[in-house]
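Next comes just one chain, in structure tokens: the form predicted on its own.
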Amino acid sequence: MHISLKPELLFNLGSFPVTNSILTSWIGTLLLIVIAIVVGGNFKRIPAGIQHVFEMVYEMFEGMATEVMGAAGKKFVPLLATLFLFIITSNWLGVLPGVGSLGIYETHAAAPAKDTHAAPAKDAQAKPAAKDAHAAPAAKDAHAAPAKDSHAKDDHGPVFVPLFRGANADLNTTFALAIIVMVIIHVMGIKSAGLSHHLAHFKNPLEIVSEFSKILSFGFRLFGNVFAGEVLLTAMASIFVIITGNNLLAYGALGGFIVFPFLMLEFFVGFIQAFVFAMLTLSFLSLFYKTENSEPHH
């Protein structure tokens, strides 16, 4: 069972590192682009199929944005729908079979040069020392070298690297989304009421802290729920292997039956998390945009 908080590096595009979570997010983005092109190229006045699904999503957020912010909320519907579609696509891709389980084993050879050179370096410094003190450094080196070698073997053994990882099971993705959303919120607040009026909301230092806490809340909420779901699925699929310590084909089949209801649950959780993220964005937008636009009318 492979569980890692950190996404694994697959390769580099120049100086840009491509991790398995980035690869999954690119696949999700490409999938949405292709669907949008297909739907746009075959647009029908009476929607059907995938076009109907997209229109339902748009109308859902249009109704909620209008209810919360009035007519001004319509301009934010594309943002809300985009966030929802990207997050739910990433969440659902992350629980598909093969994500997190298909990968390669990489063997990193240990570099004995550091250990072999480290011991002589200490010995070289110890030799000029007093004769009585010579024994202690020698003993110290004798104990230090095997410790380093033993750790090197553990650290540089075969490492399983999944080819795919849920995009939102990476804090880099969730915090990037959170920062983008908060920047948009404050830019729209400034645009709607002016810089001085917008900054008046932050006379109290606690309000500034609150804005940064929103970024943490956005990022950790989405990451925590998605990552916990992936850990749950991995544990349930491997439960017999974990209990018995034997990796048998029959245990894999039994694990598949056990994990199925949890898989359905994670599809539902993926939807809920995408919806919550979009609704929190709408709520935070209304705190600045609606309030600032309504004040001049009083």
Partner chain sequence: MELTQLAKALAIGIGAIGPGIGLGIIGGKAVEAVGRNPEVTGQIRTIMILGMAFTEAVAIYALVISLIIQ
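In this text, all values refer to a predicted model and were calculated from it rather than measured experimentally. Numbering follows the first chain given and starts at 1.
Separately, the form predicted together with its partner chain exists; it is not shown, and the next lines address it.
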| property | result |
| --- | --- |
| Its partner chain: the contacting residue among I272, L254, M264, I239 in the predicted complex [heavy atom, 4.5 Å] | I272 |
| Distance check, H197 to its partner chain in the predicted complex, heavy atom within 4.5 Å | no |
| Distance check, I190 to its partner chain in the predicted complex, heavy atom within 4.5 Å | no |
| Partner contact for F164 in the predicted complex: its partner chain, 4.5 angstroms, heavy atom | no |
| 4.5 angstroms heavy atom contact with its partner chain in the predicted complex for G224 | yes |
| Its partner chain in the predicted complex reached by all of L5, S217 and V276, non-hydrogen atom within 4.5 Å | yes |
